[in-house]
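Here you get one chain, nothing else, as structure tokens; it is the form predicted alone.
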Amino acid sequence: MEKKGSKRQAVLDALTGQGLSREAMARVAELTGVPEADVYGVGTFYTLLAEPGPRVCQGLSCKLAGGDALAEKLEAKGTVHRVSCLGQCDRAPVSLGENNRLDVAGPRGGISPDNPGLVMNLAGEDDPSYPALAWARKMGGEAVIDELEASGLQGRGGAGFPAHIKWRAVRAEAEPTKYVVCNADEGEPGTFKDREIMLRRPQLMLEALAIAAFVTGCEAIYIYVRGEFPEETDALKAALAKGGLEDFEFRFIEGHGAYICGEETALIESIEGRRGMPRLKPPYPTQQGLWGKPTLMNNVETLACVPDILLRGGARFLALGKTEPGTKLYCLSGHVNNPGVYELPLGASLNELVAAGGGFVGTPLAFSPGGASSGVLPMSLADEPLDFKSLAAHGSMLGSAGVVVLNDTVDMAWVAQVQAVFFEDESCGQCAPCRIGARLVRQALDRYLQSGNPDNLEHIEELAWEMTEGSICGLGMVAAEPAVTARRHFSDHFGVRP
């Protein structure tokens, strides 16, 4: 089979240090046989290629911690790109220097204490003998999937889709060529849990990928790691070099700065060398995914749960949750004493999570339970379960559990605008409801913050409806949520009294 990864590396080498220069584009076209115009079209889609160089985070958690001041300081020294999010919310504010390595950052965030009873146990140590893989081989593929079904494991990437359904679907496909893809393109503002798994428990993730390949009969494993995470890629490669997984073919793909590639079909498009634009579904990736072949795609945390489920049983995992199965890695940032990643029973409340993170800073006002996509909620819900079902009942979602706490020093209209800027920047532009709607939401918030006139926001609800109903993927469906939910729960911040 063609080694597509090697050609990709040659293309990246041609771009290194040149960005999208005419010479670089000509060299890439020569290597690939793709017209220069198409090379330009793809290259300009990815910010790490189109705008190489130092970057400073403008995500909500970084802005709360002084991100604007850091940006101004760095800009005084030379060119620096203000970017949507760098996945370091617990270390805010942050910037990246050469080769996308951290330049300015606080100390690493906290994690739960070492506890062998936890499923992922970030403070624990990997087992280089890969015992769960050995057990999977002994059990057989069908028994492994049965155990996943018994565990109730839901996808931890945001959608909460039952993991066993994907695994069983790919295993059942008659096509002999299949692939496993790990979605490690963690880009939701407020979310950095997958980063910590890759850094602290890389072999746990690699073992799960090997199990997935064995169970589904896949011939190659692709790991798509966010481009701003070079240390995480290094950790995975170092763990793989220790041996024990030689029966499996691992291929690493580095993202190039496009949040939309966290959507599974956009990620597949990116691996295949195109703009990361979501595909219409069906067909689903389990039927026609990477290179048109059946593909199993899970995110990092979902995979990291698999070894424990096999070694200690699905029933145990099921019972660990408070309201839904298993434990969950919750990211915590914003106005708290110890930002970090804490593993708690799925369904723990905000108050329980913040207690693990050292308590609130100031008087808490609001929180975002699942990153920018989940909007904001009032502190009256601080004792509600942080799970898939309960949050949906409150018009929000758990998503990837990127919890950001906001105290009463912030203006919620400003918070909505910060999030609106993110969605406008990260829209792939493929569908009009998202492309146009994200811009209109941001412009409306700009006008309101400049004038204080709430009439500037009179069409937000209609915009949100059109974006939800007409967008191809989840980005457009939730892009207006920060504005909608902030107005719903904090009308006094928008010049409107309840």
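If you're wondering where the values come from, they're calculated on a predicted model, not measured in any experiment. Numbers for residues come from their place in the sequence shown, where the first is 1.
FYI, the form predicted together with a small molecule isn't displayed, but the following is about it.
Distance check, Lys166 to the small molecule in the predicted bound form, heavy atom within 4.5 Å: Residue-level check for Lys166: yes, a contact with the small molecule.
Could you tell me if Glu269 has a non-hydrogen atom within 4.5 Å of the small molecule in the predicted bound form? Output for Glu269 is no: heavy atoms all beyond 4.5 Å of the small molecule.
Can you tell me if Pro294 lies within 4.5 angstroms of the small molecule in the predicted bound form, counting non-hydrogen atoms only? Contact check for Pro294: no, nothing within 4.5 Å of the small molecule in the predicted bound form.
So in the predicted bound form, does Asn298 come within 4.5 Å of the small molecule, heavy atom to heavy atom? Answer yes; at least one heavy atom of Asn298 falls within 4.5 Å of the small molecule in the predicted bound form.
Please tell me which of Glu264, Asp308, Glu147, Asp387 lies within 4.5 Å of the small molecule in the predicted bound form, judged by heavy atoms. When the small molecule is considered in the predicted bound form, the option within 4.5 Å is Glu264.
Among the candidate residues Phe367, Phe229, Tyr259, Phe192, which is the single one with a non-hydrogen atom no more than 4.5 Å from the small molecule in the predicted bound form? For this set of options, the contacting one is Tyr259.
Can you say which of 298-306, 102-110, 336-344, 79-87 gets within 4.5 Å of the small molecule in the predicted bound form, counting heavy atoms only? Contact criterion met by 298-306 only.
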